[in-house]
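Shown below, as structure tokens, is a lone chain in the form predicted on its own; questions about how it binds or moves come after it.
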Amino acid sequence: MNDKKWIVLGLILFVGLFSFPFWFNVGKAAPAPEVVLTEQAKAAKECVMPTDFMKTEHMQLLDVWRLKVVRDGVSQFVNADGKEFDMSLSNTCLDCHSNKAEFCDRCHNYASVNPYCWDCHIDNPKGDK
């Protein structure tokens, strides 16, 4: 029982060291980057799905598109408003969002994700700037 003060001191030291990264970085998170839209995207005023959905679920949507096109041969997507779009990253998405560095890369770098889309798809199929 004489070691009680050393045990308490050791526990305090352990908790302090273990929690250091959490309390050291409180309030230091960088703000999310602002998305830069091309003039064509601004003119279209709508995407294949609502903006909030696209910000959070675009990879799931692209994954579903890939599966439907490759496995089922389906190439048309109809959104909730009944508007049809080609299921194509290169031709539908990059038609409006052609500035990959300003649109895709800024958010992907912020979130520390490395999507494999560009392994197969060129990032500027039409050569636009």
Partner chain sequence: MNKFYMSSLLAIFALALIAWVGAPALPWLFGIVLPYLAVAVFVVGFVRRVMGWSRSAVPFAIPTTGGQQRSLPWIKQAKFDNPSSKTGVFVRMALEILTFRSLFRNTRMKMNEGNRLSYHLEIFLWLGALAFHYAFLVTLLRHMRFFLEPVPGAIQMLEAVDGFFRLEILYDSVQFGLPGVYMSGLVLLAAAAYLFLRRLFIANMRYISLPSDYFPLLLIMGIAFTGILMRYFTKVDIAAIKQLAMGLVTFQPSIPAAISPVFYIHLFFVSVLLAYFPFSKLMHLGGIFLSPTRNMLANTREVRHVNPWNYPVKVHTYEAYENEFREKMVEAGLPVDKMPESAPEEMTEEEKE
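The structure displayed is predicted, hence computed values, not measured ones. Residue numbers count along the first chain shown, from 1. Here the rigid core means the biggest group of C-alpha atoms that line up within 1.5 Å when the two forms are laid on top of each other.
Form predicted in complex with its partner chain: not shown, discussed below.
Using a 4.5 Å cut-off to its partner chain in the model of the complex, not one of 13, 37 and 42 places a heavy atom inside that distance.
Although the partner is absent from this view, residue 46 stays clear of its partner chain in the model of the complex, with no non-hydrogen atom inside 4.5 angstroms. Interface residue remark: residue 83 is not counted as part of the site for its partner chain in the model of the complex, having no heavy atom within 4.5 Å. Of the heavy atoms in residue 68, some are within 4.5 Å of its partner chain in the model of the complex. Mapping the unseen interface onto this chain, residue 32 counts among the residues with a heavy atom inside 4.5 Å of its partner chain in the model of the complex. Of the residues in 33-70, those that come within 4.5 Å of its partner chain in the model of the complex through at least one heavy atom are, in sequence order, 55, 56, 57, 59, 60, 63, 64, 66, 67, 68. Once both forms are fitted on their core, the CA shift for residue 115 between this form and the one not shown remains under 2 Å.
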